[in-house]
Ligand code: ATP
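Here's a solo chain for you in structure tokens, the form predicted on its own.
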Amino acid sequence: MNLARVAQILGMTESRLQGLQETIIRESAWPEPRLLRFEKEASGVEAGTVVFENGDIAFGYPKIRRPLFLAPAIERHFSKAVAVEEKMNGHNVRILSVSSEMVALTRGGFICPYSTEVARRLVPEEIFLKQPSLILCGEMVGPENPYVAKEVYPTDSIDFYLFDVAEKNRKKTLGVHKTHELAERFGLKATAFLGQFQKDGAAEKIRQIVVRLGRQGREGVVLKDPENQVPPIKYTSSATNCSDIAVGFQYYNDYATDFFLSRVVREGFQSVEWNESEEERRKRAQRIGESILLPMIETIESKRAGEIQNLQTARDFEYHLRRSGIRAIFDPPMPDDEGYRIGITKLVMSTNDKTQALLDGEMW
């Protein structure tokens, strides 16, 4: 690996890069290809940035900021128009070709064996044969997503939806319209494009979209500059906020206080901006209260299952979860008509242990 070239692309000196290799850059040799992974942001390089052994660099996908008051945020952030896409609830992947092999990177920069198998099944190889420098940024969603299982999307298993396109060795992405053009050209699914509006009056149109998505159990929207001049921002529905709170309180001892507080604060700001009536606010308060109390009363382990074509992929995925710090139990594989079905139970031990201790008389 040519460290001088890598450092130049990353925008830092070679000595700085060597210093980071001793602190926040981690080497990974499994699964192949070998790579260096930025565990944290440093020197303007996003966490999750990956440098492959052949010198290819996939910059980390930047975190998307979130406004609490939508209308003034749109006025302040965007110059003329706002493009609106659906924000999907799954797990973020970057799919690219490295030495002619397709791989899928997690947000943290790991190669995920399961996501890679899905990508090789769903993404046409033709894309990378014609444009080998592309990085497809998207969301994997569906009821058989082993990270975030959701049944609100039109798939019985798991699917990939493109939401952005990047290039190797470059930070900048191609933007919303070029992304949808590429998806159409190669027959890829893309996140729903919900409209483009002039920023004056956009907030009310977006509010109506978010309300509709919330009724469908969808997550929310991502707002983008059509010319890709400023970073995108995201805005979620009340249904999503309450769903997150419910999951958090199901495992109340494993989530930080900020997880709960931030979502309740979003609800307060949204209620004020939308000028809700007293009755609407009482309904919102009831949703929040039920999201807090009912899951905590039930407090059960969450079980998720995923369908896998290859048993070795299941073994690799189990190891991948362990190295990512996620504890899980994999049930023995059961053959079915097309492959194997394996139950995956994520362990949330802190809440289980704390609940038992409280039942045994321990003080809070």
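A residue's number is simply how far along the shown sequence it sits, counting from 1. On a predicted model such as this, the values are computed, not experimentally measured, just so you know.
Omitted here: the form predicted in complex with the ligand. The next part is about that form.
If you check in the model of the complex, do 131, 168 and 171 all have a non-hydrogen atom within 4.5 Å of the ligand?
No, because 131, 168 and 171 lack any heavy atom that approaches the ligand to within 4.5 Å in the model of the complex.
Out of 78, 147, 163, 114, which one falls within 4.5 Å of the ligand in the model of the complex, going by heavy atoms?
Of the candidates 78, 147, 163, 114, 163 is the one lying within 4.5 Å of the ligand in the model of the complex.
Just give me the single entry in 262, 271, 253, 92 that has a non-hydrogen atom within 4.5 angstroms of the ligand in the model of the complex.
Of 262, 271, 253, 92, the residue with a heavy atom within 4.5 Å of the ligand in the model of the complex is 92.
Go through 62-70, 23-31, 36-44, 49-57 and give me the stretch that gets within 4.5 Å of the ligand in the model of the complex, heavy atoms only.
Within 4.5 Å of the partner lies stretch 62-70.
Indicate whether the ligand has at least one heavy atom within 4.5 Å of a heavy atom of residue 87 in the model of the complex.
Within the cut-off, so yes.
In the model of the complex, is there a heavy atom of the ligand that lies within 4.5 Å of any heavy atom of residue 139, even though the partner is absent here?
Residue-level check for residue 139: yes, a contact with the ligand.
Can any non-hydrogen atom of residue 205 be found within 4.5 angstroms of the ligand in the model of the complex?
Answer no; every heavy atom of residue 205 is more than 4.5 Å from the ligand in the model of the complex.
Residue-level contact is defined here as any heavy atom of the residue lying within 4.5 Å of the ligand in the model of the complex; does residue 234 satisfy this criterion?
Output for residue 234 is yes: heavy atoms within 4.5 Å of the ligand.
Quick one: name the residues from 204-234 with any non-hydrogen atom within 4.5 angstroms of the ligand in the model of the complex.
Contacting residues: 219, 222, 224, 234.
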